[in-house]
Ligand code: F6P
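Encoded as structure tokens, the following chain is the form predicted alone, with no partner shown.
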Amino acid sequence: MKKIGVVTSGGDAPGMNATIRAVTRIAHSKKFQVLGFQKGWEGLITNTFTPLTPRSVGGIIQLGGTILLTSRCSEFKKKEGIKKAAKTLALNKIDGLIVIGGNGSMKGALELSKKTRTLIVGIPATIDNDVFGTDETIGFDTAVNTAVAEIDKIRDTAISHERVFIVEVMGRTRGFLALTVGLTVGAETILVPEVNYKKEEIFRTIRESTAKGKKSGIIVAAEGVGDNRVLAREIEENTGTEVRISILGYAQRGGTPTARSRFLASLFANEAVELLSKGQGSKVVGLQNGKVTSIKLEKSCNTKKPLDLSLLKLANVLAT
């Protein structure tokens, strides 16, 4: 192992820069050269990179986003794009590649691993927390804290105006963020893509809350559950309660990473570089039962990470 590449792919997540920093410095401590490919998979296709050194990654541990930039690369989804990326790895004599990203990035890494001799290791960094093989992804804790801080402020307005607020958080297909945030802020109702909700149950919850003397409420909904504007209108029509919608949007992806996200970035980076130094590839590093470990890349990509639905029941009890 003499030279490794680093790429940040897909949606950005707080802690990606901390991961780049850790990978670079740990790799250099082992006398490896490090190349950072820019704009995600696009950088591998166009052979666009920058050398990374311990000094060039100084002062970035606290920064959100990614200094390597990222993009949604449609060309990489095609066989020809993957072949170009593999050619770039061979051209630059890259012995190992570390892919920092979410579930989609891991799937891209798996496809690339089939076309190259370069060893590939994935580091899960996404606010969706949907990568199988790790209990927590880099950036998830930051996104949760960002959403919680905003919803705490929204609740002040909800109480003052005696309204119900539907707060939409990110999560097109998975509800890890909505569930954790909803439980943490004490939401009366949590809506996730994994569970088909019944509107009448929401209406009943609001009516029962009103009967108990509650005059405001918070509904945390993942963006993938449907059109929350329609839901808001139907709640008003069926309960007489005034409803407002707040969409938190891309703010959840940005901002200074929390201590937790930075901590995981350092641990995961160390494990990834260690795997490559031992000649091991096609792996995804992660945290399982408090320990940093790794599983096969193929298993991670082909296994759906389960959402702990018992937390929904707990949230319902706590909201009474």
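Note that the structure is predicted; figures quoted are calculated from it, not measured. The numbering used is simple: start at 1 and walk along the sequence shown.
Quick note: we don't show the form predicted together with the named molecule, though the next part is all about it.
Interface membership of G96, defined by any non-hydrogen atom within 4.5 Å of the named molecule in the predicted complex, is ruled out. Using a 4.5 angstroms threshold between heavy atoms, T142 stays clear of the named molecule in the predicted complex.
A residue is said to contact a partner when one of its heavy atoms sits within 4.5 Å of a partner heavy atom; T126 meets this definition for the named molecule in the predicted complex. The named molecule in the predicted complex is not approached by R117, whose heavy atoms all lie more than 4.5 angstroms from it. Remark: all three candidate residues (E223, Y250 and R253) come within 4.5 Å of the named molecule in the predicted complex, counting heavy atoms only. Exactly one listed residue, out of L231, C73, L110, M170, brings a non-hydrogen atom to within 4.5 Å of the named molecule in the predicted complex: M170. Across the options 149-157, 170-178, 194-202, 74-82, residues that bring heavy atoms within 4.5 Å of the named molecule in the predicted complex belong to 170-178.
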